[in-house]
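We begin with a single chain expressed as structure tokens, specifically the form predicted on its own.
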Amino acid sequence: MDEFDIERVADPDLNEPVLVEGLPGVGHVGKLAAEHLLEELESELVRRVYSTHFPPQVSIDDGQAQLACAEFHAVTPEEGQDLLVLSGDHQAQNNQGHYGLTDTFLDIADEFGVQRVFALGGVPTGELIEEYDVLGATTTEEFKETLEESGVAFREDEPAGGIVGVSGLLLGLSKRRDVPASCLMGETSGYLVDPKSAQAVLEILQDVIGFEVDYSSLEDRADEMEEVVRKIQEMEQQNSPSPADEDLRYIG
């Protein structure tokens, strides 16, 4: 197999589509968002990308094996722009792979005439939160103004350390290709899979692009995660020492 191997599945005609990337990352925010789009909107698998830089494994679905890959789906909603959605279960395992895969992804986007790029992800806060802000980073001032109008926050020196992986490289390499790109990052604790943060990111994207989706399934998953958090908090409280126990620690 080649270092980067593209499987052509279908070649639909798309009208000035936008690329939406949602690969695994902090809180699985981008991955959840991309998968929700594909679940709620009619889509067609158009490309698979295989690489020796992905983990050496297969996924199993109903007994059928599928080599690790990334997938592109074409989405043509009744309202809003056409989408080319990039999803998958893995990112590359090294720097060379990240660069090579991102270049390959952008080559495919160019084939379909992509006009703008949206990378979706999460930014860790290190604590549980109630209100989910969406932070942004862009390659053009015009793109920044558009996102600010939709409620995206642009904060100096955030996210700290920059944006790593495919999401960051999509901005850097898109800029070199003169393709406007942005990264939408939902705030998340970083401890658990975060459907609420994914919904916050999708609501911004929905406002910018104009598609319509139902969020019921994401809200159900969010309720499940809140129950998990509640149980963890209860266990921590049960295992924490009482004030009397703490006093005894200092005796003797």
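In this text, residue numbers run from 1 along the sequence as written. On a predicted model such as this, the values are computed, not experimentally measured, just so you know.
Form predicted in complex with another copy of the chain: not shown, discussed below.
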Triplet M1, Y99 and L169 all within 4.5 Å of another copy of the chain in the predicted bound form via a heavy atom = yes
ask   = Of P77, P180, G88, P159, which one comes within 4.5 Å of another copy of the chain in the predicted bound form, counting heavy atoms only?
value = P159
query = Is the gap between E149 and another copy of the chain in the predicted bound form 4.5 Å or less for some heavy atom pair?
reply = no
query = How about V164: is it within 4.5 Å of another copy of the chain in the predicted bound form, going by heavy atoms?
reply = yes
task = Indicate whether L106 is a 4.5 Å heavy atom neighbour of another copy of the chain in the predicted bound form.
result = no
request  = Verify the contact flag for A137: yes if a non-hydrogen atom of it lies within 4.5 Å of a non-hydrogen atom of another copy of the chain in the predicted bound form, no if not.
outcome  = yes
remark   = Of the candidate stretches 187-195, 29-37, 46-54, 215-223, the one with residues having heavy atoms within 4.5 Å of another copy of the chain in the predicted bound form is 46-54
